[in-house]
Ligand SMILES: Cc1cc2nc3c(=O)[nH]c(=O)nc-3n(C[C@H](O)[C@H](O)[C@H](O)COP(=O)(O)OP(=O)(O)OC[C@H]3O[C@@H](n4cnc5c(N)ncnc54)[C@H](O)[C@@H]3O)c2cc1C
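This document starts with one chain, in the form predicted alone, laid out as C-alpha cells.
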Amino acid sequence: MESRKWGIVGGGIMGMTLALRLTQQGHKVVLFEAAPEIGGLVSPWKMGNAEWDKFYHVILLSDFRTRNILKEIGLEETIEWVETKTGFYMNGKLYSMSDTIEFLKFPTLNLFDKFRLGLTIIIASRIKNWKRLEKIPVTTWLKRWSGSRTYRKIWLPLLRAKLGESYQKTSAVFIWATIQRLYGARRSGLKKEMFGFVPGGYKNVIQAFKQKLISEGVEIKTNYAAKEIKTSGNDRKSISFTNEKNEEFDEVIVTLPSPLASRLCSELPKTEIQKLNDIEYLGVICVAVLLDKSISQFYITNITDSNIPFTGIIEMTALVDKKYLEGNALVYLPKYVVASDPLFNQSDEEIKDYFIVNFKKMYPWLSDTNIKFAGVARAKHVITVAKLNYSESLPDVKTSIPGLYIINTSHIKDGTLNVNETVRVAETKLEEILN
C-alpha cells in the first residue's frame, strides 16, 4: 500500500498503537483525542499529593506485546516485578488463597469440591480451541466441571461481581480467557506468577509513548471530539469536530466503543449500524482510596458476599512500593455495571459514601482519619459481554465505506480486557487492513 494520510479517532492505547505502527510503515498519521491529553482508560489523575492511574492496570510476564511497546519507548527495563497474593472475602471473613496449602485449607468447600475446582482451572488452562466454548454458556460449563456446590459458592458470586446479571448470557470463553491470562506466564516456564508496573504508573508510559509518536512524525490533536465522519470527493473521508474544525483523510480508523462509533459513522447502512449497536458493553464505576496504611497483603481480594456493592478490592500497594504514592496505600473499589445502571446517575459523593461505608464493614478498624483521598472514576463502555457465538456476530473492522475502519476492544474475542489484548487487537487488525 502506497503512503496514505490516515486519521485516527480516539487517543487511548488502541489509537496510539495504531498510529505508531502506521507511521512506522511510512504513512502520514493524525491522532485525535477528545480529552485534553491522550491515554484513555490508562490516564492518570491527582490524588492529593500523589498521582497514579485512574483505573487499575498491571503487567504480566506473559504480556509480550505490552512489553514490546515498552521496549520501543525505552521503559521495559524500568518494570518492577513483584510476586503477589490473592485473598477471598467470604461470609464476612478474609481468607488467603495464594498457594496450594491455603487452597487445601480453604473453608466452605470439602476436599472433593476443591479437587473439582482445581481440575476446572487445569482443564481451562489447557484448552486450545476456544471457539467451541463460544457455544456453551459459562454457567453450564462451570457446573459441569466444578459441580453445582462449587459453582454456587465460588463461581457464581465471582461471575456476578465481574459481569452483573449479564453472566447469564455469557459464553464459557469468558472464564477460559480469564484463566488463560493468569496461567500464561507459567506456561512459559515460570514457576510463579509475577505482576509488574512501571514506576510512576501509566502517566510515564503515556508521556514516553507520546514522545515516540511525535518523533516518528505522528501529529497529535487533543481537545478534538469527533462529531461526524462523512465521505467527501475523491473517496476521501471528512471528520467534523465539535470545535467546528474539519479534516480530510484517505483512510480513517475509529477506535471508540461500538455504540459511539455507530453515531459518528451515520452513512453506514442500517444493518452495519445495528450490528455495532447490538454489541453489549459493561461500564465500570471505580472508587480509588488513598490510606495511611495497608489493609492487607493481597493484591486482589475477591468478594463472594452479595451485600458488598463493589466487585473486589485491588490493593495497588501490595504491588507498587508506597514511595511512589507519597508513602500512602492505594486501594481500588471497582463495580462493573451496564451503561444504563442508575448508579451512573448518582453523584460522586453519593457513590463514595456508599462504597466506603461497605469498605469499613469489611475492615472495621478503618476510620475517616485513615482515608487521605477518595475519588470516583467512571466509564460507560469498558468491557464487552462475550455472548454465545460472540465472534460470529462481530462486525468486520472494514466497513462498507472504503477507507473507513472501526477497530476497538469489542474485537477481543478470545481474551479479557487489558492493555496487552488492546495492543494485540490493534496490531493484528491493522495487519488485516494493510494486507
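In case it trips you up, residue 1 is the first one in the sequence shown, and so on. It should be emphasised that the depicted structure is a prediction, and the values quoted were computed from it without experimental measurement.
What comes next is about the form predicted together with the named molecule, which does not appear here.
Site residues 41, 56 and 225 are all in contact with the named molecule in the predicted bound form, judged by any heavy atom within 4.5 Å.
Residue contact with the named molecule in the predicted bound form: residue 13 places a heavy atom within 4.5 Å of it. Although the partner is absent here, residue 382 lies within 4.5 Å of the named molecule in the predicted bound form, judged by heavy atoms. For residue 181, a non-hydrogen atom is located within 4.5 Å of the named molecule in the predicted bound form, even though that partner is not displayed. Of the heavy atoms in residue 34, some are within 4.5 Å of the named molecule in the predicted bound form. Stretch-level contact check against the named molecule in the predicted bound form with heavy atoms at 4.5 Å: of 209-217, 77-85, 99-107, 225-233, the positive one is 225-233. Though the named molecule is absent from this view, in the predicted bound form it lies within 4.5 Å of a heavy atom of just one residue from 176, 197, 336, 155, which is 336. Residue 284 is the only one in 280-295 with at least one heavy atom within 4.5 Å of the named molecule in the predicted bound form.
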